[in-house]
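The form predicted alone is given below as one chain in structure tokens.
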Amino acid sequence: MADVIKIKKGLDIKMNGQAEKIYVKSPRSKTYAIKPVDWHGLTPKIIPKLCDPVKVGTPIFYDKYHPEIMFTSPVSGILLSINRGDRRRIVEVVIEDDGKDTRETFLQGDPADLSREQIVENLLESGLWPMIRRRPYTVIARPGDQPKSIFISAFDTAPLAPDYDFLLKDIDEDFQWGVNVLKRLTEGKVHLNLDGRYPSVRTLSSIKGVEINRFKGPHPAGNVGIQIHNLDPINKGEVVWTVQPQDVLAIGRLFKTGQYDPSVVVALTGSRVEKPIYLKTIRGTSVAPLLENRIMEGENRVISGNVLNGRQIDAAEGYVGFSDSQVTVIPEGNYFELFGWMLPGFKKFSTSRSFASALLMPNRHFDMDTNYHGGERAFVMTGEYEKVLPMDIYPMHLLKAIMVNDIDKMEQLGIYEVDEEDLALCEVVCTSKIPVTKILRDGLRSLRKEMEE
């Protein structure tokens, strides 16, 4: 598609702490973790016992309801611990690294010479299948499905998001191998979506076998859900798969070398980071070596992902999410504002232009914290959601249908097309302080249970 698709609705949240385009190799962590909570609807069953040796690519656990879907170790060493949360739910499986990177070997070969069954089996055995997620529901794709298309969003418009042109520079061969694998998994198109605001590097614009689309506009233009809505909307009974850019690289390297390469680049961002940069590391790394001597003292919140839909992790004992390409550190907002709404707000971010900062300094970047600036109120119609959601749906009506568990109404109002990241801005601008994304995930979980179980 030659024309640039222009997204008019949305909101760019300008924050301090954008990563400088410099690569630094992060020190190796002593431990790495695979977190089942990174995938919705997953019930893990552990395979090895505590202290058993593992290699890079050794199966650690599988999905109880889909035993063929394996999750493998990103490093070699021993299975150190299985950390549990409420109701003994497994939240982390921790591997102690021996630093040797002894690897399992898998099928190696040109995807063009392999059958779809061989490709699927290789992805399952290597533990790379969970990199492929399906819409609706944003859960792990089912190997037996035939998706009508596959989407790769090669840019991100979220606050302080990494620059994928920079991340993917000079590794076009690996990316092409990954695309060649994905092409064998669908009879439809593989969509590679680029940022229409800037010319893309050769790595992306020269990829063959894909339909290249360009999007231009404020966040959430970079969300794959918005792109699907504009190019290939999902109707009831249809399936679309999505893959993140760094996951495409890992898939390509698997078939190119016959080994699982867990290396990734993570952007360390946020106003509490002294020098935001890009760090070369390994999937599932402990966040501690990434933050060491790099963040300011004080009460900080560390987020694996971006501030809109990332997951809070502990600065000392937390681990980076499986597919996260960003770690964000911002101040905690543990303070009370007396009559804060009456102050001029020279340093406050405003979506309604009600503070002086929006009038006097419209292009200012902010040191935003986690303070809610108010409490939950009555859930009333305001029309604010529609201003930041570039989809032909009624988000507030959809949320109210979810709250009363009206399955038919959810379907009619377009729940098959949305995910938490698509409605994250609705939560930001919500006058009522409603937990929009939590309500949406509850609705997706309820709908999936009704339709598939």
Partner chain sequence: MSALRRFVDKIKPPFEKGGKLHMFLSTFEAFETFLFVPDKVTTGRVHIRDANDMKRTMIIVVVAMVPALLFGIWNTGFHHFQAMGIDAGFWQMVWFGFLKIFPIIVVSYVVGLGIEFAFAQMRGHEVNEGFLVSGMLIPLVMPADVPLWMVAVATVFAVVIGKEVFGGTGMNILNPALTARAFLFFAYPSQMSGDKVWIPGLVDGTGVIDGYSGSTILGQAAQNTSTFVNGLGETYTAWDMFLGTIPGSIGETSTIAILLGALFLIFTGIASWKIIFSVFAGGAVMGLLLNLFAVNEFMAIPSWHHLLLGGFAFGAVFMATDPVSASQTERGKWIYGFLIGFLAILIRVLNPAYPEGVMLAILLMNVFAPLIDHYVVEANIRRRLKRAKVTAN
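In this text, all values refer to a predicted model and were calculated from it rather than measured experimentally. Positions refer to the first chain, counted from 1.
From this point on, the text means the form predicted in complex with the partner chain, which you will not see here.
**Study point:** Interface residue in the model of the complex among Gly99, Gly109, Gly333, Gly209, criterion: non-hydrogen atom within 4.5 angstroms of the partner chain
**Key:** It is Gly333.
Practice item. Name the residue from Glu104, Asp172, Asp165, Asp369 that puts a heavy atom within 4.5 Å of the partner chain in the model of the complex. Key: Exactly one residue meets the criterion: Asp369.
Review point. Does the partner chain get within 4.5 angstroms of any non-hydrogen atom of Arg445 in the model of the complex?
Key: Arg445: no contact with the partner chain in the model of the complex.
Point to revise | Phe349 within 4.5 Å of the partner chain in the model of the complex, heavy atoms | key: Yes.
Exercise for review: Evaluate Ile140 for contact with the partner chain in the model of the complex, applying a 4.5 angstroms cut-off between non-hydrogen atoms, and reply yes or no.
Suggested key: Contact check for Ile140: no, nothing within 4.5 Å of the partner chain in the model of the complex.
Review point. Does Gly144 make contact with the partner chain in the model of the complex, using a 4.5 Å heavy atom cut-off?
Key: No, Gly144 sits far enough from the partner chain in the model of the complex that none of its heavy atoms falls within 4.5 Å.
Review point. Counting only heavy atoms and a 4.5 Å cutoff, which of 46-54, 24-32, 424-432, 61-69 contacts the partner chain in the model of the complex?
Key: Correct option: 424-432.
Check your understanding: Thinking of Leu308, Phe355 and Glu420 as the candidate spot, does the partner chain come within 4.5 Å of a heavy atom on all of them in the model of the complex?
Key -> Yes: each residue has a heavy atom within 4.5 Å of the partner.
**Study point:** Residues of stretch 233-261 in contact with the partner chain in the model of the complex (4.5 Å, non-hydrogen atom)
**Key:** Sequence-ordered list: Pro233, Ile234, Asn235, Glu238.
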